[in-house]
Structures are given as C-alpha cells and as structure tokens.
Ligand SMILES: Cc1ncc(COP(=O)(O)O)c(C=O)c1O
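What follows is a single chain, given as structure tokens, in the form predicted on its own.
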Amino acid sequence: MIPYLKIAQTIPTPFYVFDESGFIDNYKRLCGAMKKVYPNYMLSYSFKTNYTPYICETVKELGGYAEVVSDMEYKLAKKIGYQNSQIVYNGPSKGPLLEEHLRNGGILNIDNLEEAKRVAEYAKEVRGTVKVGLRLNLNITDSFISRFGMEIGSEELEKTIKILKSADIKIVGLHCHISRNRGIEAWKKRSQIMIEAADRYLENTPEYISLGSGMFADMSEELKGQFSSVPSYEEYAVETLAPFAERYKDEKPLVFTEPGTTVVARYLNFVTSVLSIKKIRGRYMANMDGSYENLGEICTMKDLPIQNLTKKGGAIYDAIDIMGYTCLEQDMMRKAYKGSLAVGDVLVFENVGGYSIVSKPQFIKPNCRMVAYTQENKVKEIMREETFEDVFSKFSFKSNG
C-alpha cells in the first residue's frame, strides 16, 4: 500500500503519485496474456497519454516500444535511449524529423496522401530501401467517423499506394487507431479487417500490423461498476490475437497494440486538499488546491474513486460538489460526492494517469510536482513543481527592453 498520508505530511499538496510496482505488474499481466495467444506480440507505449520520462523509461526497461505522434515525443524517445527501430511514429501532422526517423530505420505509418508525397520526395534523394506502413481508417461502427488514416477502398488510399510504389518505397505494415470502441466485439472486428486489408494491399507477409489502442484498463471495482462490461486481458487476447495465429501459421508478423490508459491510468493518483466549504442556495461545494485539469478528461465522464486520508470529523454530506481552484464554473472534480468532508482533509483521486499531466495547461497556477513510490518502497521526485520562471521566462516584458 502506498502511504499517501505520510507522503502528504512531508510534501505540500497538490501532487501526483506514480505507483511503480503496480504499473510494472499490470504491464506484465497485459503482455503475458497477449504473448500466450500470439508470441510475436509487442506493446508500443503511447507517449501522448503520459510522457513522464520516468514512466517511459520504465516501459523501455520492460522491453516495450515507443509510440510517438510528434517530433517532441520522438526526441524524448531518442533521449531516453530508444533505437529508431523501436519507435513507431504515427499521427496526422508529423514534424521535420520524419525523414531522420526513416533514415535511421524507424517505423512510420503514413496517415494521408500529402504525407505519402513527402516521403516519396525523400525517397528520391536517398540510397537504399525506404519502408513505411499505411494508417487505415476502419469502419467499426457507423455512429462515429474517425478523422485518422485513410479509408479502405478509397481513392486517396489507392493514390497513396501508387505514389509510394512509383518511388520504390516498400509498404511493409499496416496500422489503425480506433477511438471510443473498447469492447471485445470491436477489437475482434478490427483484427478481422486488418488481416483482410493486409491480404489486399501488401504483396508479402507484413513485417508488422498495429492494432492501435483502446482496451479497457485494469481498474478498481468502484470504477468498473460504472461501465456495462470490462473484459479481462485474457479475453481481449483470445478474440484479438487468435485470428493472427490462425492466419499466419509460418511467417508471423509482429503485432502491436499501442496502449496508454490501459497500462498507466490506474497507476497515477492525485493528492489534493480541501481549502474551504460553502453553501449557496442549497448547494454544498468544497474548494480544492487542485483542479479538474489535474485529473484528465475521465473525471468529466465518470466518478473517480476517492480516498479521504484524514477525515477531520467534518459533516457528512449526501451531495457536495468538489470544485477546483480555477476561476471556471465547470471546474468540478467530483459531482455530488457522498461522505464526510472538512476543511483540511486530504483526498486522493485515483486513476488519473491518462491524458492528465500532458493536457494540463499553465492556467492560473504553475503545474504541481510528481513523485514515484518505487519498487523499493521509497519516495522519489520524478517531476518538480513548476515555478513562476518556468511559466513566464518564454515571454518578453516591455520593462526589460
């Protein structure tokens, strides 16, 4: 158990706590389930979900690849020691380092026709083989049309393939990323479509097929109860990877998934204190030193599990809204919280590892620190608290000439 209260007695709130042991155990359970069904599976960690270097380095130590979508993330992967062959560069708006990545043997998936033209121009200027993958847009459900990749059977995809082949570029892999479809049937369908697409568009057995991200994460029972169904890693593995084992019995391509929240969400928690409590026209509200921006988008859709570490003997509320420090009416960390609450109570918001720190703006206050509770049961600062200078050093002041 992480001693949150002991940590809060030495570090002023707000702050994040990364559960290193929990993260590693979860990572190994996911990979173990996948490799049992399809041994040539590889996890490629989504940097955009949480690019904390300490976490990304932990993935690298565990043998995982890096999935990046910008030059900033690419440079981070290189800085922590990744070889280009272990970096998967996706995204619709790749930066100037795209060519460097290709030159060094990196994995790159083309999102659109204009990007294909750019790679074709690069291929004219270099010696040697240039290899790329195609990012496909899959129709899993008619209720949502994704903006990413190229539609199977579309004129854009056909033109893209023609341009690449005319430049002697080898198409060796396929990639997809599907948002908002985390269920088993959606994953089963994406596997089927990707296998059919490989047979249709690739001349040889693919070097790799990437299935993107979007599996449900390991989570507490309290959070799990807010979803209709949360499959296990073993269930995902069977339905997703068994079709690849059946199709590719001899020469087996590398099959990626690119999880972010699946591996990190539960293992970053946010510690924050109650600053004041008020009642306005029958509505109770607690004001915190943290913000909904610290929790990520999930807090706008689900009730995150909360631990009250101190329980200072406050009133017991049937419904009190827990509000953040910003001057925004929508800054609600938890609506209609039930339980005891008092000024000075220290709360832990769980399951905030996905799209929290990477999306947190420098709005009103600098960003807070992050510590890791390590495998050795020690507390280690892995991101310092930001300062005034961090925020304003990039601006020019009239008073400074």
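This structure is a prediction, so every number in the text was calculated from the model and none was measured. The numbering used is simple: start at 1 and walk along the sequence shown.
The same protein also has a form predicted in complex with the named molecule, omitted here; what follows describes it.
Segments offered: 171-179, 73-81, 325-333, 295-303. Contacting the named molecule in the predicted bound form at heavy atom distances within 4.5 Å is 171-179.
Contact check at 4.5 Å (heavy atoms) against the named molecule in the predicted bound form: all three of S46, G214 and G260 pass.
Exactly one listed residue, out of N90, N269, S291, T160, brings a non-hydrogen atom to within 4.5 Å of the named molecule in the predicted bound form: N90. Residue-level contacts in the predicted bound form: of Y373, Y337, Y355, Y65, one residue has a heavy atom within 4.5 Å of the named molecule, and it is Y355.
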